[in-house]
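Only one chain is included here, represented as structure tokens and corresponding to the form predicted alone.
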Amino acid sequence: MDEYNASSIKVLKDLEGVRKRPAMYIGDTGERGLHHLVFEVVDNSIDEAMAGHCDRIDIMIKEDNSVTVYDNGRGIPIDEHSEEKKAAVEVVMTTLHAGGKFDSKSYRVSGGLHGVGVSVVNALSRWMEVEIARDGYLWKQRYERGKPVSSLKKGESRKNTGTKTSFYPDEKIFPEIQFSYEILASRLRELAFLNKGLRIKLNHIPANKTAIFCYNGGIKEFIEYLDKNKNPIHKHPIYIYKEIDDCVIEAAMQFNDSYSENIFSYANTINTIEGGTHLSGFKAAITRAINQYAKDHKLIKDNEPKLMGNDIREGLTAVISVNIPQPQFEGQTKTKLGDRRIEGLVASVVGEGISQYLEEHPPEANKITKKSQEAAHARMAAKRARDLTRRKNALDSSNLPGKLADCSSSNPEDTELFIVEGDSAGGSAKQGRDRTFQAVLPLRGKILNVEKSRLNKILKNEIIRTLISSIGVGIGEEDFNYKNLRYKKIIIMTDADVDGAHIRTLLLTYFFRYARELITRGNLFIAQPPLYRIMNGKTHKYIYSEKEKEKLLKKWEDASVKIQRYKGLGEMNPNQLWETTMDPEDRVLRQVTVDDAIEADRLFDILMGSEVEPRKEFILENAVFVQNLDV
């Protein structure tokens, strides 16, 4: 093994401007950017694990929301850097683009490619302390807002090796410093699945929650986790692993009886949410292999068309993970892999693996093929239904549905669509809106649960056809076209009761499964109507939460205070609805995101799928958190 010391640390550029423009490095200074700090430090430990030098990572969120990350790796080098004339650890902690991952001898494969991680965290922290067990001793150094305030100090003797990094985010940078257990646990669980046998412990003291993630089955266990609430059509996941050239290609998949496809792709443990060459290679391989099997075994007649990729991937849950040296990503965000060589390698490895599985498991192969054929028939029926409805102008945005009260502006960049529950609320919204840029679509009744339906059935649902026509982008992979979007903001506005929550969930399921690009591009929002109108004499205030209500009532300790509880949007007159929920100056909107698509998929399975038991468990576990329940 090549020696890992100060000569391994390559310096590309001095640290500058991080505090001035933090969003350039961590995305934003809100919740997402705050959690990004933790993941940047954890990624350094993951690199040690991928190099085979670390099998344990501990993350602790302390009572004051300071963070400690420990790993039992080799420890950051502490000897003097030949070029910088200071300890190597200080170079790593205070210099942008400095780290062992630029030296291929130290890390063959790395997730943190740009080397900005821990130095950026240091720059954006009020303080950071690093403790390194290495070369027989414990070494310590402290930094404040990116600058060392002590020299590297040699402490007591130590036999073990490892690195412990502690930091507190700077309140001058981050308006709110509060770490979410759920956000941290989700990513750490994912990293444990992707690094077979690695033990990751999360101790979140403010939330009083602790979890240990360790999966000896790796991504096979990942598939079982993802498919926990689904009905698989073959018992065990298909697993493929091969080291080829200087790359590691790993895939696991399982077909289930649902109608949605869920494929998660990773490159060097980075979640490539936009896919890339490894994903396209995987899709091509699975389409080719199953078509070839069906042809060889005469499961498809000669006069029948080949199965398309969409047919084969219906009900497929898959994870494709590649570990490659010097990966090429498209764009700075690392969300899409661009290595052309990987496409052919993945296609070859996965194609060979699936073909072998199908030949060795004929009953399962026949079930998979039959499911794909049923999907093909449904796809063709959906195409006929789509063509028919187009001829009737039901899906043509040039002939909009009568229920839609459109706006006068035709520029999508300036417009927004309110999807409103019921005719009563729809009437108030139409009267209260600004007609120049706000359109209103009232929905009567409940939308179809798309989680339990194929596309051909979905297209027969009048509410969904009205939605498709109003929004303009189409539905499904073949038909969806983002360029046809008619409104920049699509806002779901429902009552704050059980029925409203149900309709909201049904709509979110539709968008998540059949128009997810509207979510990923930031077009989908949920309106937050007030829960109360509190009056004190001639003064009144609209209140959006119980906490806000209690705070105001303490301030307004007066017998004349009157509280009006809004159970539905229809209870508000048009002016009130405009003031509280529709006026861009004062309203509260929650943007819908899919930063955690894995947990979102799992939640939709639980809430909207066919399995009753997981839904009962979810309700029992979460009933304690329910507020403002109207039945």
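As the structure is a computational prediction, the values presented were derived from the model and not from experiment. Note that residue numbering follows the sequence shown and begins at 1.
This next part talks about the form predicted in complex with a small molecule, which is not shown.
*Asks:* Within 4.5 Å of the small molecule in the model of the complex, counting heavy atoms only, one of 250-258, 70-78, 340-348, 268-276 shows up; tell me which.
*Replies:* Selected stretch: 70-78.
*Asks:* Pick from Thr163, Ser428, Thr509, Asn122: which residue has any heavy atom within 4.5 angstroms of the small molecule in the model of the complex?
*Replies:* Comparing distances to the small molecule in the model of the complex, the residue within 4.5 Å is Thr163.
*Asks:* Quick check on this chain: which one of Arg187, Arg533, His204, Arg134 has a heavy atom within 4.5 Å of the small molecule in the model of the complex?
*Replies:* Contact check passes for Arg134.
*Asks:* Give a yes/no on whether Asn44 approaches the small molecule to within 4.5 Å in the model of the complex, heavy atoms considered.
*Replies:* Output for Asn44 is yes: heavy atoms within 4.5 Å of the small molecule.
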